[in-house]
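Just the one chain here, the form predicted on its own, laid out as structure tokens.
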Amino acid sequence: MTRKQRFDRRSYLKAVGAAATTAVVAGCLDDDDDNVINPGTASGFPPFEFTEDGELVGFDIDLAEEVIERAGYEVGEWTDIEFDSLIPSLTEGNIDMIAAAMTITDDRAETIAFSNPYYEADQAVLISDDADFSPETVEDLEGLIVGAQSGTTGEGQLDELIEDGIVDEDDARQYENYTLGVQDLEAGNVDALILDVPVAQNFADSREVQVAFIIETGEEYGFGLRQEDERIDDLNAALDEIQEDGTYDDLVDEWFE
């Protein structure tokens, strides 16, 4: 499905789906500010969110906009910031929704509310095509320089390797985004990166890097909102509908196939 076809379908669904989504839209508030949802993301995480010809694109971008519009709200202005700034920006009211392949965790749920899960993923270990080593388990990372993006679950996995004595703290590298990490990987400045599987596979398809092995973590992504934001029920209802009517599968086909 082309992007034009998909957006034509979105317009069609919006035009004919009003009656079918009455229950979803009924919860929307009349106040103009409450009818606008300003999303935030952290680009550099393809195919979920990245910039292309100066435009913010990706699976999360399309899915979030579809969810917001299907729930009867207006998509406001997107904010593109570093990943570890998203939760503070949300709680401070600078954005209304996080759409950034954010894993649902107990620690994060103490600060923000999550939508129903919309994607499952594990962690991958990425190495350069030119590497003269081939790790197969986390124990094989001993003595290597290993990096991850700051604030991500990949960084959490790296922290565990440090705690377990597998990776020396001086050999750990943090990056603002994984594009910078992959550049360092290709340049030989870091030996391995830990990041979400679909993103690792995307880099492996387009750069001189490869997935060495998978760390099974069973993560689930969710959209983040402020804990007091009652619009989350409408968004969850819209997300359920999108997953049931085939729109979700269309987006997966577009961005991952």
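In this text, residue numbers run from 1 along the sequence as written. This structure is a prediction, so every number in the text was calculated from the model and none was measured.
Absent from the display: the form predicted in complex with glutamine. The rest refers to it.
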Heavy atom to heavy atom, is residue 115 within 4.5 Å of glutamine in the predicted bound form? no
When the contact criterion is heavy atoms within 4.5 Å, does residue 153 count as touching glutamine in the predicted bound form? yes
Contact of residue 191 with glutamine in the predicted bound form (heavy atom, 4.5 Å): no
Verify the contact flag for residue 219: yes if a non-hydrogen atom of it lies within 4.5 Å of a non-hydrogen atom of glutamine in the predicted bound form, no if not. yes
With the partner omitted here, the residue among 95, 141, 127, 101 that in the predicted bound form has a heavy atom within 4.5 Å of glutamine is 101
Which single stretch, out of 181-189, 143-151, 69-77, 166-174, brings residue heavy atoms within 4.5 Å of glutamine in the predicted bound form? 143-151
In the predicted bound form, does each of 62, 119 and 248 have a heavy atom within 4.5 Å of glutamine? no
Let me know which residues along 104-136 have a heavy atom within 4.5 Å of glutamine in the predicted bound form, or say none if there are none. 108
